[in-house]
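What follows is a single chain, given as structure tokens, in the form predicted alone.
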């Protein structure tokens, strides 16, 4: 499990439930490393501001991380983390590597109107 204050996805069933129960979802699939931690920190910081978005993390090395790693949108990714944005269970945006506050909020604002 990742050491964040985000919702942790710990099974394929939990992943499915989050997508089913929430219209707008941002999932960061990574490790506790220098490229991933800043993304988790941004997510934790804006979680209260974006109450209409479910924020979650997923450990890249877990057995169930294939739910993110095998997405067609992530097939060419080389850098961690893999960050995927879902609307109504469908991928609307996927990014890899570090993202700052402006990049994350820009994607959220563009894809998940309040």
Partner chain sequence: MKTDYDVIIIGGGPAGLTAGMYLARAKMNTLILNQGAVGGQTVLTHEIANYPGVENINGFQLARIMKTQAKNFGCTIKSNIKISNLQLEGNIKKVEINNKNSYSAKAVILATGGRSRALGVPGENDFKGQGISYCATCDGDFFQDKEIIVVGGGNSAL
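Residue numbers count along the first chain shown, from 1. Computed from a prediction, not measured in an experiment: that's the story for all the values here.
Although not depicted, the form predicted together with the partner chain is the subject of the following passage.
- Across the proposed site, 38, 82 and 97 without exception bring a heavy atom within 4.5 Å of the partner chain in the predicted complex.
- In the predicted complex, residue 51 stays away from the partner chain, with no heavy atom inside 4.5 Å.
- In the predicted complex, the partner chain stays beyond 4.5 Å of every heavy atom belonging to residue 23.
- Of the heavy atoms in residue 17, none are within 4.5 Å of the partner chain in the predicted complex.
- Within this chain, residue 113 is remote from the site of the partner chain in the predicted complex, having no heavy atom within 4.5 Å.
- For the stretch 39-53, the set of residues having any non-hydrogen atom within 4.5 angstroms of the partner chain in the predicted complex comprises 41, 42, 44, 45, in sequence order.
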